[in-house]
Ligand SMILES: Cc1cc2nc3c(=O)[nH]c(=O)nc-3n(C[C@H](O)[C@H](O)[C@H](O)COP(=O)(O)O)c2cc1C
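A single chain comes next, written as structure tokens; it is the form predicted on its own.
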């Protein structure tokens, strides 16, 4: 079975370690696992239910479509002021009224192990949204202050091992769900 995962960075910064971690993660995907990187969270309008009528904005429709087309979601987002980055929270808010998200398996990658508040907030938000949190796929990757390139992350045994573990744990959870549903 081929798995399709959608990976998103909650940072809009061009030189973000979160975005580089997502890029490295995609490169480390084993055979049978496709990781698509979603790059459009900065294009989403501010969440406003008045805009979510019969025809939501194109960026919202695209975001929801991408989430719905994948078997699982990997989020790597920074912490700002002890909370979830605004762009990431906005993207999650647009998924609340959607039909594509409930029970979606989710992995959280933390590029700064000291950033615990945002992870707790994001986990709470995702749980309320009916995400299927895959605890084994929620890991801290020690990137803070290292300024590694994508290539260096892929070549670093510790970083590559942790990113690979995220993919493997999420894939196992999705496969387990598929087997349980088939039985």
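Positions refer to the first chain, counted from 1. Predicted model, so just to flag it, every value in this text is computed and none were measured.
This next part talks about the form predicted in complex with this ligand, which is not shown.
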Check whether residue 172 has any heavy atom within 4.5 Å of a heavy atom of this ligand in the model of the complex, and answer yes or no. no
Taking heavy atoms and a 4.5 Å cut-off, does residue 71 contact this ligand in the model of the complex? no
Proximity of residue 81 to this ligand in the model of the complex, heavy atoms at 4.5 Å: yes
Residue 115 within 4.5 Å of this ligand in the model of the complex, heavy atoms: yes
Can you name the residues of 138-155 that have a heavy atom within 4.5 Å of this ligand in the model of the complex? 144
